[in-house]
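Heads up, the chain below is alone and in the form predicted alone; it's given as structure tokens.
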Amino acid sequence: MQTYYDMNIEPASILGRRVSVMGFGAQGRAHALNLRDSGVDVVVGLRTDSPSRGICKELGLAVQTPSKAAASSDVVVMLVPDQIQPALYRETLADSMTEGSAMVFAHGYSIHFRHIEPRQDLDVLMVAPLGIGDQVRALYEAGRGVPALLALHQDASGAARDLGLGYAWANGHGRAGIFETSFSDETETDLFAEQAVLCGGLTHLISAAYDTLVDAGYPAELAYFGCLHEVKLIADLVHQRGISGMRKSISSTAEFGDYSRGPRIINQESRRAMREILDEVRDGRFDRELSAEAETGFPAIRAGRKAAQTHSIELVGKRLRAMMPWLSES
């Protein structure tokens, strides 16, 4: 993969532009503040009744309605939730964006599954941070950054790549690395990783292991610490040193258990399920399911949240974290 760092980037490609950030969630807040602190002219696009308007004012960020922000900008950044993006583009941005301007996405979902089909005169590109919004901001402030993916969908101007690199530079990504890919590869690998490992796989593995210990009569506190709390300790080692580096830091007992028992958990049936999940992402089945879920008000999400909140692991965890102020929920 082609990789870029700050030394390869010309900041002028973004410093001469006005950027409107649509949305002020975790990523929107991080991008707006990072770009501003890098010297970019930034405006945040928010509804007139958005509670985030007051927060932006306190932070010294300019705010306009989405239509006015888009009309006054050279670059529009889509940082509202995926399910909101198509209507925002169709009802507001398609007619408000100036001719020859650019649209930047932080995730390829809406473009890859053709929920948005941009005007042909627009540059359409993606700068996808490989980290959550809080990390994007915190590492930028610390003089570091999270890596990011860069992709082009439409290069109407012939300079979309330079613009994307400039945007990534202003958001701190050039400090860690910018990797060029495609909208399709980013979308499909991101969805698969969320479902198989980061969210779906990890959370269900933790809960199932916890239930196994509790059902066998062990104290819930021991099950919580062993199956949930210590995940961060191992994840930090993997993040810093890789899997083999992590294994050098654990006991021989733990390492032998890793090699001899791990394949019984992640076995051929697990791998078959992973291939099926990837197929569902690639052929659009997951997108169709998600669209149907959104149209009915996300009943599966509501049910899942309710079940999770009443699970023993949450009740025990909340009590234990309260005794560790540095972990307690805000």
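For every residue, the number given is its place in the sequence shown, counted from 1. Please read all numbers here as calculations on a predicted model, not as lab measurements.
This protein has a second form, the form predicted in complex with a small molecule, left out of what is shown; the following refers to that one.
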If we take heavy atoms and a 4.5 Å cut-off, which stretch out of 226-234, 126-134, 248-256, 203-211 is in contact with the small molecule in the predicted bound form?
126-134
Give a yes/no on whether residue 188 approaches the small molecule to within 4.5 Å in the predicted bound form, heavy atoms considered.
no
Hey, in the predicted bound form, is residue 16 touching the small molecule, heavy atoms inside 4.5 Å?
no
Given that the partner is absent here, does residue 82 sit within 4.5 Å of the small molecule in the predicted bound form, heavy atoms only?
yes
I'd like to check something about residue 148: if you look in the predicted bound form, is any of its heavy atoms closer than or equal to 4.5 Å to a heavy atom of the small molecule?
no
Considering the small molecule in the predicted bound form, which of 106, 163, 122, 111 comes within 4.5 Å of it through any heavy atom?
106
Here the chain is shown alone; which of 40, 46, 33, 43 has a heavy atom within 4.5 Å of the small molecule in the predicted bound form?
46
With the partner left out here, if you bring back the small molecule in the predicted bound form, are 67, 94 and 118 all within 4.5 Å of it by some heavy atom?
no
